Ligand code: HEM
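Shown below, as structure tokens, is a lone chain in the form predicted alone; questions about how it binds or moves come after it.
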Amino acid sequence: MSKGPPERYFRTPVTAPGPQGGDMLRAFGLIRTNPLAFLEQTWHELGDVVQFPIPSPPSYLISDPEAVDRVLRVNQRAYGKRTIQYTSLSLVTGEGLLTADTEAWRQQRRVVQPAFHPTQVEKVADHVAVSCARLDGEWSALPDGTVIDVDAAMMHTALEVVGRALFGTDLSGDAATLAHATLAALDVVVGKARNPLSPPLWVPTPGNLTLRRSLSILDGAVERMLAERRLRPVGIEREPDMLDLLVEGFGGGGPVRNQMVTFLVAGHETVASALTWSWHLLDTSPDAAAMLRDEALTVLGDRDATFADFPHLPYARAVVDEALRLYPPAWLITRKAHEDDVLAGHTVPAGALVIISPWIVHRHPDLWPDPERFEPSRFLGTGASDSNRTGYLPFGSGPRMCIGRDFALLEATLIMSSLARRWTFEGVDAASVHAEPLVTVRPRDGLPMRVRRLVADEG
């Protein structure tokens, strides 16, 4: 790409280097099919602050870690989420916690915050044990060495945990259907975000019809959960879960539906992605796999993981952290500037679109030595696994950091350890596994692996 001034292409003030309009046209195919590869290439060639030759809105790729921290944390009130990315996502989630902006977000956050109090998060361990036992029984019924889609298995398991922990509902029978509906809906959302001329939802295109069917399935699950809750006997003492909080805080209707779909979708995607990529990365690093297995056997032995085990599973947590670094589920974060700001020495005008890619920031050589290498030990030692560290953004940063971060890290760590003490995972063809940047980063065509029970666990 050339760095010539792009003023001749549009009247928008130019405040940072960027590609020429011709460069963008030549890269159009890559932008449409693999925007993450385009952004990474742009960063490598043009640096930490790039302005694209787009007339409206002024659009910037920000990869400087300090500038990213300013957008998401230090000066976060100057930026909002009214961007095409979140507008498209709201076709699925509605104005839930993930897509709501400013004051609406603050009101919603106050309602759902108690569901993620530490005393509530602790209970995740019990739900993990139930789901892992179900998965263990399912795999034990198969011939040893059967090839399974680990990506699908992790999606279903994480969805079950979310159903039980947040909504008090057993989704094990619906997990496959709901996971498929979620992915189908998100695939359509991605297409709409990448195509500014995408037809409105009422036009019966194949994509819109797929989205409608998927939304019908998700809405049906929400209705069933609400119906089950209404049928519960009164007078039984129990601590309120998220569904109770939502009904009490919003009364019912669309706001409750939007929050439930938001947490059904976002609540399992991050954990499932972290687990899927962890198994893939461990397959490429036998020493790391052995360390994970040894830790799990030493700490857990032949019993299920509990919340009390979490502090004693540092290597499993480090594997999860490193997988989230290399394959951050939310590979793209966008913000709209509400006022002029200066990022890494470059003026960003009010109304500008700011694009941040955790995938790129997690590979910034100023913060991460040998950034492409899988090395869980980066997150071992004093302060090394601090998720608020500048340049580590799998859950975002600042006030809008994912509310379920602690929930997700506990869940992923306990699932990983519980499975590692019983099973080994062998990739069918690790070289053919490719990351596909959709709403989240997923392995294209799933992750087929041979699953074998550990000999030491037999009998």
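Remember, predicted model here, so these are calculated numbers, not experimental data. Residue numbers run from 1 along the displayed sequence.
Beyond the structure shown, there is the form predicted together with this ligand, which is absent from this document and is the topic of what follows.
Undergrad: Can you work out which of 27, 403, 46, 433 has a heavy atom no more than 4.5 Å from this ligand in the predicted complex?
TA: Of 27, 403, 46, 433, the residue with a heavy atom within 4.5 Å of this ligand in the predicted complex is 403.
Undergrad: Find the only residue in 189, 71, 155, 333 having a heavy atom within 4.5 Å of this ligand in the predicted complex.
TA: Of 189, 71, 155, 333, the residue with a heavy atom within 4.5 Å of this ligand in the predicted complex is 333.
Undergrad: So, residue 368 and this ligand: in the predicted complex, are they within 4.5 Å at any heavy atom pair?
TA: Result no; residue 368 lies far from this ligand in the predicted complex.
Undergrad: Whether residue 109 contacts this ligand in the predicted complex should be assessed with a 4.5 Å heavy atom distance threshold; does it?
TA: Residue 109 belongs to the contact set for this ligand.
Undergrad: So in the predicted complex, is this ligand close enough to residue 419 to count as touching (4.5 Å, heavy atoms)?
TA: No, no contact at 4.5 Å.
Undergrad: So in the predicted complex, is this ligand close enough to residue 346 to count as touching (4.5 Å, heavy atoms)?
TA: Looking in the predicted complex, residue contacts with this ligand do not include residue 346, since no heavy atom lies within 4.5 Å.
Undergrad: This ligand isn't shown here, but in the predicted complex, which of 136 to 144, 299 to 307, 280 to 288, 95 to 103 has heavy atoms within 4.5 Å of it?
TA: After filtering at 4.5 Å, what remains is 95 to 103.
Undergrad: Does each of 91, 178 and 261 have at least one heavy atom within 4.5 Å of this ligand in the predicted complex?
TA: The answer is no; none of 91, 178 and 261 reaches this ligand.
Undergrad: Select from 77 to 92 the residues with a non-hydrogen atom within 4.5 Å of this ligand in the predicted complex and write them out in sequence order.
TA: Contacts from 77 to 92: 81, 86.
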